[in-house]
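What follows is one chain in structure tokens, specifically the form predicted alone.
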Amino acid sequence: MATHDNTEHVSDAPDEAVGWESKLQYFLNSDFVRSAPYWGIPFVLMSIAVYGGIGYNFAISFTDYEGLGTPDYSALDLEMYAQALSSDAFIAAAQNNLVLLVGFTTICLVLGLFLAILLDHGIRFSEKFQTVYLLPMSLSFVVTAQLWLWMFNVESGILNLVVTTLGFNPVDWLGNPSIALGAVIFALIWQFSGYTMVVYLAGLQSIPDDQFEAARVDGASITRTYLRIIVPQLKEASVSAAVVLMVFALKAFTFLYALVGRYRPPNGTDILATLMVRRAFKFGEWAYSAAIATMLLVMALGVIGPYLYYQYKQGSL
């Protein structure tokens, strides 16, 4: 018993001997503090530019700020949020955002998976095929918009050249509100389906060939092999690609602005970003636009948040 007491006394001695001066010196000599000049300055600048801007936007969304004056913070309320949620223009823009988000992302994933499976089977000219589909991804929204503005031209566009050749009347792709959003989604799918193709192709090529051979020996068809064995293993690739595509869908403002060169996009294609910019810079309704921006931020976090949680559960964060 006496020996046990002496052992505890000896093991506790080093902790008691380390004073706060030694701990402070150890902290100051740590890699975290010594590397602070390299990561600290960019972190502070980014915090001011990004999170400071978000905080300022959030603050003025509770005011009635408009025009060339200064915001009045003496009477904060949720009037702008209530006004936006009761506005038909806001609801229509939110619905277009949702259709763009779901339609564009889903079709891109399905088309990209289909193209990746074709390439994984080693079709002829697969390298050229891959380059052709991936090339649009390298283009900016501005270039893509101008290209498709020409393609959608009612009188001289290639699409209407095909339509009239088949015996149909020319289609006003961007002037008809009922099909304008579909035309925009089609152009964005053309640009980003190559990206999903590459993501899925990398996932397919990481799967051992033994699984294909085992399925073939068991008599499984190619379709059953992909649906039951291969595609479920592409879950991480699907999640990553879906998040990137949804972020691009939320950033479609650049494409729409470049398409027409003004704050008002073609009828039927108004989204929250174009509505926000138009109300801010055309009508000077800063508080109302800030409320829309805040709700758009919440929508973006609704996309990114589950992905970050998924990565955290997988141990990647």
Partner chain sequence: MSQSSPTGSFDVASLVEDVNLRRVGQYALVVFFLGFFLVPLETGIMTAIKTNESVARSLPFAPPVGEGFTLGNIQFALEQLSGSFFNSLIMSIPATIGSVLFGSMAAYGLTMVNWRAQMGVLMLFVVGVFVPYQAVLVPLARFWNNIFPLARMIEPMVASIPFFQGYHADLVPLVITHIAYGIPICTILFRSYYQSLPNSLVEAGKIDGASITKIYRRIILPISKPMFGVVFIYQFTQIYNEFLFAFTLVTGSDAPAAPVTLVLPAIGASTSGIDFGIRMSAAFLAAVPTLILYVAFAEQFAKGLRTEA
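Between two forms, the rigid core is defined as the largest C-alpha subset superposing within 1.5 Å. Numbering follows the first chain given and starts at 1. All figures in this text were calculated on a predicted structure; none of them were measured in a lab.
Just so it is clear, the following notes concern the form predicted in complex with the partner chain, a form of the same protein that is not shown.
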Candidate stretches 146-154, 101-109, 74-82, 227-235 - the one whose heavy atoms come within 4.5 Å of the partner chain in the predicted complex: 146-154
With the partner left out of view, is Phe32 within 4.5 angstroms of the partner chain in the predicted complex by any non-hydrogen atom? yes
Would you classify Trp39 as touching the partner chain in the predicted complex, given a 4.5 Å non-hydrogen atom cut-off? yes
Does any part of Tyr195 reach within 4.5 Å of the partner chain in the predicted complex? Heavy atoms only, please. yes
Would you please decide whether Phe212 lies within 4.5 angstroms of the partner chain in the predicted complex, comparing each non-hydrogen atom pair? no
For 164-192: residues with a non-hydrogen atom within 4.5 angstroms of the partner chain in the predicted complex? Phe186, Trp190
Taking 2 Å as the cut-off, check whether the CA of Gly261 shifts that much or more between this form and the one not shown after a rigid core fit. no
Relative to the superposed rigid core, does the CA atom of Ile41 travel 2 Å or more between this form and the one not shown? yes
